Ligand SMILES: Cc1cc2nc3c(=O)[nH]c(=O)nc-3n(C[C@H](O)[C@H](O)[C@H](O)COP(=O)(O)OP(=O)(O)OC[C@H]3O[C@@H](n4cnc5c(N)ncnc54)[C@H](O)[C@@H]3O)c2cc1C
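Here we start with a single chain on its own, the form predicted on its own, put down as structure tokens.
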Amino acid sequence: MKQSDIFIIGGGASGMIAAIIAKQNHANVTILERNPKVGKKILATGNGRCNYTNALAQTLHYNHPEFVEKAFSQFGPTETLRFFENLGIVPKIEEQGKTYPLSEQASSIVDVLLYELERLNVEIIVEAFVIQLIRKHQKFIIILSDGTQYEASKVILCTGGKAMPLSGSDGMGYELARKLGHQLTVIFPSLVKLTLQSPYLKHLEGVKFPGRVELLYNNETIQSEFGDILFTKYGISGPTILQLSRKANESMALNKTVIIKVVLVTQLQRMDVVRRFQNAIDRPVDFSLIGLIHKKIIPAILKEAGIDKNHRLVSEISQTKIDKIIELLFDWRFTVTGSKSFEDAQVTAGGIKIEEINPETMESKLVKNLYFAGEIIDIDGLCGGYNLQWAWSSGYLAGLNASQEG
């Protein structure tokens, strides 16, 4: 039976950095990766460009800021940038702190991490699907699907969550942790497209425009975002929607009904639009909206306002219906019915309860010498490099502390 000081289960972002840090501290480290290669999920991030951190990331961008603070104080965005620069990555920092390699290739991040792992002689065993993790006589017995067994002094679980299961993140890590006594929060997709209840979606499919979206509960705004919005045949997408999706799914998991409010017109005041209609009384009502909003949206807005003939003159339409059109331009509401699945989600919300993990070391409070890093923990952040930053920060802490004596 092969033995090692530290076995890292999962060769993604958090697993690779944990291995590098532990090996730098002279630990004997082995990575077990279920895929044929490590870093598979990294290659899909940032549309293949790899938004590997956010230079402006703060703890408030995460669901449990106080837990993240401990990791950030030791290895935050500044340390991450320095770490990758030492490996050869020149950062390209774009709007809102989004940071990519200058090469704009996600493979660059994987390549430099893999080079460092090989330089340090970290053993990587691929196509190693762990199905059991057993605590026995102060050691861990790791059993693979093919029956192979390993013995470890310490284990770092870096198996990810359930988002993008084709990358290998299918939730198996949760089961390994649960059988060792750990508890999970509710798990749901985050940074994901939302599904809506609307008769207009088929017609609106593919319409993209800049605007503001708000997430409403009990008629109160609980989150607001500005940027690109994209209607789809099932609902709504775009960077703004991905940012709202966590709170939307969290609310629906609690059986709350949430509403998406779309603000189509953001550059004008209501009175500007009122005057526009006043000056267009001899024009067809649909034509009066040309140049103000996307042309494919106009028929849906008119139907929602109760106007069945698009070419009727403005002067022929009641003031009540004109007021309704104007209201919809600034406040068009849709009931959220759900979201796309984990297959389409960028991140998993929920995971191992943070109360069961030491935030300063990432060690389990329940099982000595068991550590966690990355998405398996109940930590998730906004879209834009925040979640990979958590992988680096937590992976660094796990690798550092697991490699300490004792």
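One-based numbering along the sequence shown. Please read these numbers as outputs of a predicted model, since none were measured by experiment.
Not pictured, yet referred to below: the form predicted together with the named molecule.
Taken together, the three residues G160, M164 and A345 all lie with some non-hydrogen atom within 4.5 angstroms of the named molecule in the model of the complex. Among the residues Q58, N369, N358, N35, the one placing a heavy atom within 4.5 Å of the named molecule in the model of the complex is N35.
In the model of the complex, I9 approaches the named molecule with a heavy atom inside 4.5 Å. In the model of the complex, no heavy atom of L397 sits within 4.5 Å of the named molecule. Contact annotation: A44 falls within 4.5 Å of the named molecule in the model of the complex, judged by heavy atom distances. For the chain shown alone, L388 is a contact residue for the named molecule in the model of the complex, at least one non-hydrogen atom being within 4.5 angstroms. Partner contact region in the model of the complex: 151 to 159, out of 151 to 159, 114 to 122, 302 to 310, 83 to 91, criterion any non-hydrogen atom within 4.5 Å of the named molecule. Residues A128, F129, V130 are the members of 106 to 139 with a non-hydrogen atom no more than 4.5 angstroms from the named molecule in the model of the complex.
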